[in-house]
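Read the single chain below, which is given as structure tokens and is the form predicted on its own.
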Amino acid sequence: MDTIYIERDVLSLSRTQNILSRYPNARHVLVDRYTDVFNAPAQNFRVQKRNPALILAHKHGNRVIETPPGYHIGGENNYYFSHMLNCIYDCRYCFLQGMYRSANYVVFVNYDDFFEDIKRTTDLNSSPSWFFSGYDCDSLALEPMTRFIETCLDNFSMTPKANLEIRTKSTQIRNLLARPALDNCVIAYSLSPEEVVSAEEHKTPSLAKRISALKSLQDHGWHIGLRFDPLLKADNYQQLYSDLFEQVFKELNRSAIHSVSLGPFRLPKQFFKKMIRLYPESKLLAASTNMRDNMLSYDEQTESSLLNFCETRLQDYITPDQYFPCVSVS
């Protein structure tokens, strides 16, 4: 990390100092608010992605947000939170590159405020609540630096009515394997055919490495989730996804898998337009799409064919109570 921007209000925090100590040669720049850097005009996401800076900041409000309808794995009360903005990976379909002007990483270091909001939200509900980490970032990819998930698990271990999903593509699982598994936590991996990983999910661990991480976590007692999302169109998609399911399920204890989700490829129109400008050569983004429900997606027949085929194949491996389609409700 060559440059680290630090909000003045968080400079003296021990957590900030611990992160700074990992990058002794980095240039430090003090700022009043992270948005002065992150939302500055005339930034080039694609150029910044080659060497992003780190921004350490305080998250003010809106730390716990209700999930969109249809985004759940069985719970009635569903929320997401983001201790970080942006991702170290470079997936061509990722909405973050259309959402943000900046490719720099923002880490909100006021972790305790997140946990206070999570506990307060949990206490308001009579039935258990679910909290999803990994919406605006990868939950584990920078864990050796942030130690956020380690602290998060310490807090969830004391809040049994709060359930946690950690969404990731990362194999940074050493800390998870060094502690007892939590019954109210699911480690969920985003999975795609290896051909998609190689072509579209740049800088991510291979499919084989993700499956190996899942197996290690499952053997250690962690609940695991499988997220086949987004489903991407290809001329040979039936073969690609058949091979993917076979490769994944032959390595795992199927009956002990907590949940499996499928999700269609969808992007807000304004994000898609920005991504096309960033990556005009992308074959994925050049695929035929149309507008539905204010989202850019494959045509209904293509989307339905993908979902129906994958749902049918999944029936060979899982039970209905393990399956949660991630389809938005209008």
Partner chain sequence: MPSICLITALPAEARPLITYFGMRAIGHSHLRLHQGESAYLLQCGVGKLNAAARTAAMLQSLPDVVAIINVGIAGSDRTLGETLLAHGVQDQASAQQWFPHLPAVNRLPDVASIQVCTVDKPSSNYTQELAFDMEASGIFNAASKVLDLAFVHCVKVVSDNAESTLDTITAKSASASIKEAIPTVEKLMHALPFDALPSTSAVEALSHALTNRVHYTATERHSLKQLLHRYNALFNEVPNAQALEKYNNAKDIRKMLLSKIDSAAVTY
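Positions refer to the first chain, counted from 1. What you see is a predicted model; the values in this text were computed from it and never measured.
Another form exists, predicted in complex with its partner chain; not displayed. Remarks below refer to it.
- For the residues A199, L96, L252, L177, the 4.5 Å heavy atom test against its partner chain in the predicted complex is passed only by A199.
- For the options E150, E246, E195, E116, the residue carrying a heavy atom within 4.5 angstroms of its partner chain in the predicted complex is E195.
- Partner proximity in the predicted complex, defined as non-hydrogen atoms within 4.5 angstroms of its partner chain, places exactly one of 142 to 150, 212 to 220, 236 to 244, 121 to 129 at the interface: 236 to 244.
- Among residues of the shown chain, S261 is not one whose heavy atoms approach its partner chain to within 4.5 Å in the predicted complex.
- Although the partner is absent here, L232 sits close enough that one of its heavy atoms falls within 4.5 Å of its partner chain in the predicted complex.
- Contact annotation: S297 falls outside 4.5 Å of its partner chain in the predicted complex, judged by heavy atom distances.
- Contact check for T67: no non-hydrogen atom falls within 4.5 Å of its partner chain in the predicted complex.
- Contacts between 1 to 15 and its partner chain, taken as any heavy atom within 4.5 Å in the predicted complex, involve D2, T3, Y5.
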